[in-house]
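Given next, in structure tokens, is a single chain: the form predicted on its own.
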């Protein structure tokens, strides 16, 4: 029973990170109908920036978020203005957009190889191996802090989307772009801001992941695939669905470790993806909405 409780709590903590790394993908897809294949590159680059700030300036990775998140927000807006905005818009992701963002991912990855080489890097702080007691369980202090920071960021995003004009414009653009143009919303500016916010969330997630995992220039690939599974599981454009999808994936992965080899854990996400695409193409939230209307 204790083992089950420990694994469940670990899954809940992991769900906070999974949700954080998926919200950026959801926002960019919702506003621009583009799958951000450069997300893995953003995860990786943010981890290396946090590593550099920690190694050479002694700046704690959690404190470095005040530099990294705004910097990547500006970086995301620049990417959107210079490159992504030139891709023809469509109701579904197009091959040019996929190739463009995949190319950006490769550029970022190769820049990382040039600057930081391909050696494994990790960030070891004074609290890396610290634990806290919770209900008789010894929990990693770092994982708890990562969960709390991710949770705070999600609440901040929700407040922004529901209580500010720009946030409401982003939600409106997600639902109906032509209607937004008719009522005078600057859709190009809103799309640029949304892309910047999405990249900033990816950078936040990459920085938090650097506290938990070792990383190389190939870092982020697996997490990007998991983020895609989560948004499909949650319903693509549904922000609440992302949280549900992250919770489901994290708990299933955590529980599965008790019954199967850890080496098979990555297959769980892809198995869930196949099941959802076949049985619940609109995701969990779509399934729940459909039942309410019956």
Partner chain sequence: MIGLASAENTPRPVTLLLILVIIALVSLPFVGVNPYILHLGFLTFLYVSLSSAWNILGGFAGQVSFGYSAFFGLGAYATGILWNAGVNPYLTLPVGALLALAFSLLVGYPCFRLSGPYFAIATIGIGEAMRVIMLNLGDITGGASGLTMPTTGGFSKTPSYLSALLLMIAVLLLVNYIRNSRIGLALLAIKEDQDAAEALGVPTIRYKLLAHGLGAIIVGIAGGLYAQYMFYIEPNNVFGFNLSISLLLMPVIGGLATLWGPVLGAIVFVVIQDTLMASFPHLHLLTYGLLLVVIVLFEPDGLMGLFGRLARFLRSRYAEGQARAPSGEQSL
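Superpose the two forms; the largest set of C-alphas matching within 1.5 Å is the rigid core. If you're wondering where the values come from, they're calculated on a predicted model, not measured in any experiment. Residue numbers count along the first chain shown, from 1.
Another form exists, predicted together with the partner chain; not displayed. Remarks below refer to it.
* To do: With heavy atoms only and a cut-off of 4.5 Å, decide whether residue 73 touches the partner chain in the model of the complex.
  => Although the partner chain is absent here, residue 73 would stay clear of it in the model of the complex, with no heavy atoms inside 4.5 Å.
* Answer with yes or no whether residue 113 is in contact with the partner chain in the model of the complex, where contact means some heavy atom within 4.5 Å. => Flag for residue 113 set to yes.
* To do: Look up in the model of the complex whether residue 239 has a non-hydrogen atom within 4.5 angstroms of the partner chain, and give yes or no.
  => No, no contact at 4.5 Å.
* To do: Find out whether any non-hydrogen atom of residue 66 is located within 4.5 angstroms of the partner chain in the model of the complex, and reply yes or no.
  => Residue-level check for residue 66: no, no contact with the partner chain.
* So which of 87, 149, 77, 157 reaches within 4.5 angstroms of the partner chain in the model of the complex, heavy atom to heavy atom? -> It is 87 that has a heavy atom within 4.5 Å of the partner.
* **Residues of stretch 102 to 119 in contact with the partner chain in the model of the complex (4.5 Å, non-hydrogen atom)** => Sequence-ordered list: 102, 103, 104, 105, 106, 107, 110, 111, 113, 114.
* Would you say whether residue 272 is displaced between this form and the one not shown, judging by a C-alpha shift of 2 Å or more on the superposed rigid core? => After core superposition, the C-alpha of residue 272 moves 2 Å or more between this form and the one not shown.
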